[in-house]
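Just the one chain here, laid out as structure tokens, in the form predicted on its own.
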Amino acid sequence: MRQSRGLYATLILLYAFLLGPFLVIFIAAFGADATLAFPPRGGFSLHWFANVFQTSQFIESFWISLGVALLATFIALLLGIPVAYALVNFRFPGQGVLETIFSSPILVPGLVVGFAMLRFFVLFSGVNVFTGLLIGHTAVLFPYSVRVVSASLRNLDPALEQAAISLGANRLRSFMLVVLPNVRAGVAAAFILAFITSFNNVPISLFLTGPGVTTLPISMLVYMEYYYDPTIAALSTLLILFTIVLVQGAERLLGLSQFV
């Protein structure tokens, strides 16, 4: 009995530690006072949620973040799916080293990766800000696409592809008609995970954004330098809800936890 009570107490403390900051932000977003505070002062208000949609920098940066996240995720999957297939189905010298290199963008601290990419793009001044940002996000998302799709491919019975090949299909045709449809849930899970990672990314975007091309997380940081009102809390609440809905929807439809 005492052991069970101790376990429940530990679990409650753990949840309080993990969810407490989000609860504080959520409650502070409804304060009527012009200064961000917890507990909120001045009563209850939805004014700051309305202010989110009236602030042009948030609207513009939202669409930039959405565009970069979608494009980077698509490119990362386009490159990552063939790489995952090769790593799962073939054995060759240096494969372990190659897998480590492919994973390096998520093993190295994000600020280091962002700074290195900034210095790299400075050497090639012809690359515009949006293209550099897109390349940076794609590099970060590539390891996620390889790992998630690889997990899905390892769960696939290789006899299915071998049967298609024995019936006359070449490897490319068997991949497109047999393998890819059977791992579509894993590909969708990789898409959702990569999209969320890109949309919420700060370290890479911090170094690679520029005039006229700013992502939403960076716009939030800039806003907080000049204003300390509950608008950021309101926007953070909306982003938390957006992420929860997206992840939970993916889990219910696709079983996201099977692949990540």
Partner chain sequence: MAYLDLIDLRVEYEKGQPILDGFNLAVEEGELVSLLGPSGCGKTTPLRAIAGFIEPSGGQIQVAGKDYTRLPPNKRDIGLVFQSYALFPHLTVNQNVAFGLRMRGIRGAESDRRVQEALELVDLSGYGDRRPGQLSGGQRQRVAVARAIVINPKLLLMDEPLSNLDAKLREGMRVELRRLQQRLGATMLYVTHDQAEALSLSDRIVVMNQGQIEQIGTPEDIFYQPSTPFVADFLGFDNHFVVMVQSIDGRRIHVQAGAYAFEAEERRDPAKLGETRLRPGDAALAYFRPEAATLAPEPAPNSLPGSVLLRTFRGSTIQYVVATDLGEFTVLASDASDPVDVGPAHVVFEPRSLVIMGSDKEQIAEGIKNGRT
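Nothing here was measured: the structure is a model prediction, and the numbers come from that model. Positions refer to the first chain, counted from 1.
A second form of this protein, the form predicted together with its partner chain, is not displayed here; the remarks below concern that form.
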- Message: Can you work out whether Asn128 and its partner chain are in contact in the model of the complex, taking contact to mean some heavy atom pair no more than 4.5 Å apart?
- Response: no
- Message: Does any part of Asn155 reach within 4.5 Å of its partner chain in the model of the complex? Heavy atoms only, please.
- Response: no
- Can you check whether Gly168 is within 4.5 Å of its partner chain in the model of the complex, heavy atom basis? yes
- Query: Should Val178 be classed as touching its partner chain in the model of the complex when contacts are defined as heavy atoms within 4.5 Å?
  - Reply: yes
- Contact check for Ala32, Leu46 and Asn51 against its partner chain in the model of the complex, heavy atom at 4.5 Å: no
- Pull the contact list for 143 to 163: residues with a heavy atom within 4.5 Å of its partner chain in the model of the complex, in sequence order. Asp157, Ala159, Leu160, Gln162, Ala163
